[in-house]
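Read the single chain below, which is given as structure tokens and is the form predicted on its own.
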């Protein structure tokens, strides 16, 4: 549904919206807010990228 990252170079050729955060705190707030709005689940890929998907 969406991707939130601090490094847009890590996300290439995806078919969903990519949100870029300036720092870790902003990234976590953004990913939680988007997950609530979209009704999705958050997954941390542990490389600075969070994905929000619907199961």
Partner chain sequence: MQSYGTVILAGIVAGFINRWVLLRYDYRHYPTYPHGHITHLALGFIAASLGAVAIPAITEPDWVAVTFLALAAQQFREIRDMERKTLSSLEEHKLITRGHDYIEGIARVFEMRNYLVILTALVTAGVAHLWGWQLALVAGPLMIYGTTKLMSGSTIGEIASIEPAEVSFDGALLKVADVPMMNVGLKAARDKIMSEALAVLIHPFDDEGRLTLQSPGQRMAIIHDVTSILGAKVDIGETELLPMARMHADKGYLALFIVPNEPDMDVLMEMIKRVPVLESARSSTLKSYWGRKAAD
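All figures in this text were calculated on a predicted structure; none of them were measured in a lab. Positions refer to the first chain, counted from 1.
The form predicted in complex with its partner chain is left out here; the points below concern that form.
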Its partner chain in the predicted bound form: within 4.5 Å of a heavy atom of each of 3, 7 and 15?
no
Closest heavy atom of residue 24 to its partner chain in the predicted bound form, within 4.5 Å or not?
no
Contact with its partner chain in the predicted bound form for residue 11, defined as at least one heavy atom pair within 4.5 Å: yes or no?
no
Going by a heavy atom distance of 4.5 Å, is residue 20 a contact of its partner chain in the predicted bound form?
no
Since the partner is left out here, which residues of 38 to 55 would have a heavy atom within 4.5 Å of its partner chain in the predicted bound form?
39, 40, 41, 42, 43, 44, 46, 50
